[in-house]
Each structure stands twice: as structure tokens, then as C-alpha cells.
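What follows is a single chain, given as C-alpha cells, in the form predicted on its own.
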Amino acid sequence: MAHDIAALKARLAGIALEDNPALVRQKSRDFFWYSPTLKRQLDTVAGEIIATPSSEGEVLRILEACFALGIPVTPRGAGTGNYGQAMPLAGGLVLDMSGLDKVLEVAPGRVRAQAGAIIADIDTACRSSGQEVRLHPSTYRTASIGGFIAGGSGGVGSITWGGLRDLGNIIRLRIATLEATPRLLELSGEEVEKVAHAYGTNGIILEVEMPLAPAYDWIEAIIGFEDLNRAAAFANALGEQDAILKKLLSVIAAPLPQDYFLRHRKYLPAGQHVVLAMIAPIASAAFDSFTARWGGNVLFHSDRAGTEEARGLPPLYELAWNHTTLRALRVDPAITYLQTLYPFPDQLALVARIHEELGDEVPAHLEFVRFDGKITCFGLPLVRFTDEARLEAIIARHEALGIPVFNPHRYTLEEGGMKQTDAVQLAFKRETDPAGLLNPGKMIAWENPDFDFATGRTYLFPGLSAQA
């Protein structure tokens, strides 16, 4: 469908706009290409114009104009998502929020920032008060806080604090609606769940208020084990040690670390399954004792590495979460991945079962977290991709064993991160986006209310290729 971009530009005089096709295409993409399925489906997706507002007032002008002209709006943070969350399936305007990047207030236990603020910059602003954000993705140095809330779920820090879905991990959100006269709304408590992890389908996040935690100069450690199940059991047990303050607990099966963690390779003996841990300095001695008790091999310890020796190493969190996948793809473009949950209390048995069955083709990558108050683990296992039919069979096998897959090879909320329609988010969209112009194609319940998930068919937004 053609949109009247000329009329839009006339209405938005004075606001930073860009319609150079190459630049528009660049700002219309995220890391969707981690998935061979999404790369095939979304590679030609692009908006028609980029708007980069510098104030709330400019955002409201853009939304009002787009509503009047029937032009879709897809909000964009920093474009670090992995499954097309910020890709404009219906064309139209890409709303680049990077111009709203100020840290507005730092107070005891909380920070208030505009949605486009980079998470690392927020931490820099908080550091002088001895505080830091509780949770961040592995893309900490490039991701925006608004994008993290709209498209993410948890990450570094989740071993202690849980995920964004846990009440208290988002204090307040300020959003704009897409109506004839856009409104500004304030959400707090469980109301934030209306727009958190909704991909910007039912409101534009303008400002966030997030809780803070005490800041530490975190010790980074890599612990090796001969046996993957022992490594997983160690990480699970360490996660349950609340007095050993920690920020990251990842388990990665050999030979992934040796093959893909190139700058750490000298610390990674062949055959060693590794645990990546970020530990508070005050817990260092306790961590050492706990590791010795489990017979772990200390392969790297940042507190003992010389400055020269450690120079050039990436932060440990950039070996974890989906940076593991990124590092693998840099070496082997045929790699892809899954996102799974190993439900409590059977997480270790499920890890052992699936790794025994599929470990060569789907080597394990576990991220230990606090989920509904219990220590368990998510999986981001790598997949040695052959074809889409085999990928679907691998997903089906996980599900059959009781390992839910949050499918990163789908771009809709229901088929990917949510696994079902969120009735609260759908109802809120009816209030805030009555014309359905916000990020079209991402919420099946809005686009096609009669879609039957029981058939097993994949939802396909009109115009995208279904051919493998």
C-alpha cells in the first residue's frame, strides 16, 4: 500500500526526517538475520521514511500526522532485537527514538530516563551514587532502555532479580498513544505489563523509571568442568547461594567456547564445558571456596589476571546470552539458535536428556535465572542448521519433552516470546491504537482474530514470502 509521504513531510517540517532509501533500509533492520527463516522472510522489509524526534512534543506531532494520513509507525530503539521486533512490515514511518536519550534523574534506588537512553550511559550517570541498573541485555553498550523494555525480557542480572515480567523490575512508564489527538499516559505497578514486551504495538514508550541496585566492580570468572551435567549442577547450586552476590551464571558446552570465544581462547582447554560467572568482590572468597568444593577448574579470574594480560578481552557478559550466538555466527554463518525454558524443578534432568539426545547438533547454552522466585535456566542452544524442516523437528522434540520453545524464528508476539495472545495487551491496543497503525503485523490477535493456532500453521503477514 502506498502512503502519502510527501504530505507527511509537509506536516512534519522542522523535525529530523530521512528518506534516503539506503539509510531508511539500514534503520529498518535489526538482528533478524540470526534466524535463517527470518532472513528469508524479512530481508527486503523497509520503511519509507525515518523520523528522529528530539522531544516528546515532536513525538506527538509525528503520531498525530501519521494517524491523520493512515501511515503505519514502527518504533525503533537501537535495533539490537533478534527477531524483527522493530522491522516495519507494513512500510510507513520508522520512529527512531535515539534522540530522546537523556538521563533525567538519579535517586536512591531508582533512575528516570528517556526511552532512547543507552543502558550503559544510564549506568555511567548512576555510578557516582554507587548504583547500577538491575538488569540489562548482553547488548548493554548499544541497547536503549526503551527498546529493552519493549522487546526484551531479561538478561544479565536475572540470576538475582528475575526478569522484566517480575513486578518491581519496572517502576513506571510514560507512553504516547496513536490517536487523532495522541494522549500521554503514566503506567505503574502491574499496568506496565500492558506495554512491556509488546514490541511497541500498543504505545510509544517515552520515559522509563527503573529500580537500581548497588554497583560493584564485578569479578569475571570462567570455571571449567569435564562433564556438562556437573557444570550445570554447579551453576544451579551457585544460583541458590543467595549470600554469594552474582550478576551472571552461564553454562556453555564444549566445543563452543573453544571454537567461538576467540579472544578468550588461551584460557579455554579443549573439552572443558565452561561456567561464566560475574561475582561481587565481597563474595570472592566464598565463591572460590564454593568452586573448590565442586571441583571446578578456575580457567580465568579477572581479579588475578594482569592488566596487560586482560587487555583487549570483551566483557564476560558479551560471551553470554545472545552474544554467544553472535560470536558463533562470526565464525560459522550456518549457525542459528533456539530460546527455551527448562522448567523448575526438573531443569537439570531436562538439560541432561536433551543434550544426550541432540547435543552434537544442538550444543547446550544455559542461562541461569530466578524465574517465579525459583532458580532454573533458560536455554539459548546453538543449532547446526541444515534446513527449516529439520529446525521445526528439533523444536517439536523439545516441546515433546516438556521444554517450551520461545521461537526466535517467528516475528509475532504470539508465536515467539509470548507463546499465546496476551488479552491485556490486546485490549490496551484497542484503546491506544484504534486504527492499528502501531507496528503492524506483530500481534496476530489484532491482525487476524480468527487465526487458529491449533492447526500448527505459521502466521504470515501479507506480502511476506512463505516459501522455504
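Numbers follow the displayed sequence, beginning with 1. All values derive from a computational prediction rather than experimental measurement.
Just so you know, the form predicted together with a further copy of the same chain exists too; it's not on screen, but the next bit is about it.
Undergrad: Give a yes or no on whether every one of 230, 272 and 378 sits within 4.5 angstroms of a further copy of the same chain in the model of the complex by heavy atom.
TA: No: no residue has a heavy atom within 4.5 Å of the partner.
Undergrad: With heavy atoms only and a cut-off of 4.5 Å, decide whether residue 397 touches a further copy of the same chain in the model of the complex.
TA: It does not: once a further copy of the same chain is placed as it appears in the model of the complex, residue 397 has no heavy atom within 4.5 Å of it.
Undergrad: Does a further copy of the same chain get within 4.5 angstroms of any non-hydrogen atom of residue 214 in the model of the complex?
TA: Residue 214: yes, in contact with a further copy of the same chain in the model of the complex.
Undergrad: May I ask you to check whether residue 258 falls inside a 4.5 Å heavy atom distance of a further copy of the same chain in the model of the complex?
TA: Result no; residue 258 lies far from a further copy of the same chain in the model of the complex.
Undergrad: Are any of the heavy atoms in residue 332 no more than 4.5 Å from a heavy atom of a further copy of the same chain in the model of the complex?
TA: Outside the cut-off, so no.
Undergrad: Just one stretch in 86-94, 261-269, 198-206, 165-173 has heavy atoms within 4.5 Å of a further copy of the same chain in the model of the complex, so which one is it?
TA: Of the options, only 165-173 has residues within 4.5 Å of the partner.
Undergrad: Scan 337, 140, 218, 371 and let me know which has any heavy atom within 4.5 Å of a further copy of the same chain in the model of the complex.
TA: Only one option qualifies, and that one is 371.
Undergrad: Answer with one of 185, 125, 286, 305: the residue that has a non-hydrogen atom within 4.5 Å of a further copy of the same chain in the model of the complex.
TA: When a further copy of the same chain is considered in the model of the complex, the option within 4.5 Å is 286.
Undergrad: Which residues in 57-76 have a heavy atom within 4.5 Å of a further copy of the same chain in the model of the complex?
TA: Contacts from 57-76: none.
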